[in-house]
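Just one chain is shown here, as structure tokens, and it is the form predicted on its own.
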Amino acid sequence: MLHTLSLLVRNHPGVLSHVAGLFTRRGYNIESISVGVTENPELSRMTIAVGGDERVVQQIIKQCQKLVDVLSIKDLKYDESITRELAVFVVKTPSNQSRAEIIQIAGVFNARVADMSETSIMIEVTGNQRQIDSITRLLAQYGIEEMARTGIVALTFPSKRKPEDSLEKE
């Protein structure tokens, strides 16, 4: 099962390396990772998607809490948070019919056509992982020439936050 971990970390050089190194040393595979500065330039938010059962995720959380630069970590539940990912595709379009079908698929997913050539079309889409996986599967039948995904970013819904969510490590 895939878990989404949200880490609030100090915005210092080497923090990403320390967190990634912890995963490497313990043999945990990172499915995706994204990092960006928060509303406070002193802090960054790391969103890590990792597979494993509840026991494995609890071990990861405990190990990450030991890192000095990790201020908080939370396993985001699907129904308590919003998750989004950006994906960009270049898809082959050997005919006008396939081009029209690809544009129609893009419309279903609220994707945007970013560019077109005589033989390919570039599409960008934002959505949760299931939506990105679905459009990937549908576009694959036409031939995906290139694809890039950003990795998941996620936040807990404000209405689902608990008081301990705002606590930082002392």
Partner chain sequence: MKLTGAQILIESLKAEGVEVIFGIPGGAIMPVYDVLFDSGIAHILTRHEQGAIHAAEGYARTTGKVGVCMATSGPGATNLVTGLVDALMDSTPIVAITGQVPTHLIGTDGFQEADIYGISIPATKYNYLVRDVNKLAQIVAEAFYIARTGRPGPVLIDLPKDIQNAVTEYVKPKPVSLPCYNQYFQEINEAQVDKAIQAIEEAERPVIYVGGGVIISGAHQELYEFAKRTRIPVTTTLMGLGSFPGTDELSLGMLGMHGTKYANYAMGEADLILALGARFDDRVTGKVSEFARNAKIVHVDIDAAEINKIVYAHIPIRGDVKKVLQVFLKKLDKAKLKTYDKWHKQIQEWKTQYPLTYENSEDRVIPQYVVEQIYEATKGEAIITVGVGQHQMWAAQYYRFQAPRSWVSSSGLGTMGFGFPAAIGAQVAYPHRTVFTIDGDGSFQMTIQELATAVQYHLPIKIAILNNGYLGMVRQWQQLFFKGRYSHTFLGSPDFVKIAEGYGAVGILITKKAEVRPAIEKALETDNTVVMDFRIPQEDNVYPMIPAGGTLKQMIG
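Quick caveat, the model's predicted, so the values are computed rather than measured. Numbering follows the first chain given and starts at 1.
If you look for the form predicted in complex with the partner chain, you will not find it shown, but the lines that follow are about it.
A residue is said to contact a partner when one of its heavy atoms sits within 4.5 Å of a partner heavy atom; residue 59 meets this definition for the partner chain in the predicted complex.
Contact check for residue 55: a heavy atom falls within 4.5 Å of the partner chain in the predicted complex. The closest heavy atom approach of residue 71 to the partner chain in the predicted complex falls within 4.5 Å.
Under a 4.5 angstroms non-hydrogen atom cutoff, the partner chain in the predicted complex has residue 14 among its neighbouring residues. Remark: of stretches 98 to 106, 60 to 68, 127 to 135, 141 to 149, the one touching the partner chain in the predicted complex is 60 to 68 (heavy atom within 4.5 Å).
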